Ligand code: HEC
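Okay, so here's just one chain, in structure tokens, the form predicted on its own.
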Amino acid sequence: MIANRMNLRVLGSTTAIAAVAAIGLAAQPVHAVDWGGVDTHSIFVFHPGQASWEWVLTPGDHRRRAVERFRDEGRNCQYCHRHEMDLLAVIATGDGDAPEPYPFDHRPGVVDLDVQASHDGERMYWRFSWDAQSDGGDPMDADHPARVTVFFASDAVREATRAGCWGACHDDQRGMESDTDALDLTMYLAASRTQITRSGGGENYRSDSELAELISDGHFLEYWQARLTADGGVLPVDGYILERRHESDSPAVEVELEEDGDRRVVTISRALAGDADTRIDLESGNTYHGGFALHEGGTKGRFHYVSMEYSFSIDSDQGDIAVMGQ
């Protein structure tokens, strides 16, 4: 596939992350921000089950009226679901509208996530806080009790404006309904494929030159992640999603973890200026689109909690979240 100019690799190996932690980058303090003067947005994140992008667009799977609103009327997910926490909470039990063949009743279906964002003219900062959840004595990922992620894109990624990171969740990737085990697909965007069916896009990849053009046009999702470790540390992770999920060998983000009893508080930041083709320039006056994800209680893979789509605007109140300078 495309020869990446950032020397990125597919998510999986933790060798490079361990190297970063070993030289102390993960432990560096994030620059001072007066969080007391920054608005807090209380966002619920929920377990989505096997509800893929294709599922969302298919009448008979998703509620027909919801599909009409989404596909034909141009509505986004929040239009129907922002006040349906009770409906979304039961997906994890296997009794919700979205399919979940492997219920995990011992974990909550919804987690409250407090989100703040600011910048100092040079860096953007995201601060997340939430209550740690019990792993029920059976963590899927014993090495990482929690991970918190912010995804975002420019207007070029239309599905991000409509459904946040949901637009990168397809029916044939790992753990999803049409997963064949043979392909081992991660998150990807539909534009990276020449054909998409109800079962997903498979390996119908566009050419390297077409993928490079998509990157040049800003058609990718960037993500920043703080990955908590079992020994009380935290690791910085970042990358981008196009034909697959890529993880940077040298993260540009800095992370910081505070814990107060069962309350986790994580800050993630990076420079406003992107230093590579797949790192977005974050400019004053612009609006970006994406969402948030939380792996909590030792969950991994698709067994995470996700938000619906959220937009954020820098030095403007045009988005759901206003990222104002200090």
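Numbering starts at 1 and runs along the sequence shown. Keep in mind that what you see is a predicted model, and the values were worked out from it rather than measured.
Keep in mind the form predicted in complex with the ligand is missing from the figure; the text below concerns it.
Of the candidate stretches 271-279, 53-61, 254-262, 291-299, only 53-61 has residues whose heavy atoms lie within 4.5 Å of the ligand in the predicted complex.
Heavy atoms of Arg69 reach within 4.5 Å of the ligand in the predicted complex, making it an interface residue.
Shown alone here, Gly96 lies within 4.5 Å of the ligand in the predicted complex, counting heavy atoms only. Under a 4.5 angstroms non-hydrogen atom cutoff, the ligand in the predicted complex has Met308 among its neighbouring residues. Although the partner is absent here, His106 lies well away from the ligand in the predicted complex, with no heavy atom inside 4.5 Å. This chain appears without its partner; in the predicted complex, the one residue of Cys77, Ile215, Ala132, Val111 with a heavy atom within 4.5 Å of the ligand is Cys77.
Here is the short version: of Met140, Leu183, Ala230, Leu87, the single residue with a heavy atom within 4.5 Å of the ligand in the predicted complex is Leu87. Candidate site formed by His41, Ile43 and Trp126: none of these residues places a non-hydrogen atom within 4.5 angstroms of the ligand in the predicted complex. Along 176-213, no residue reaches a heavy atom to within 4.5 Å of the ligand in the predicted complex.
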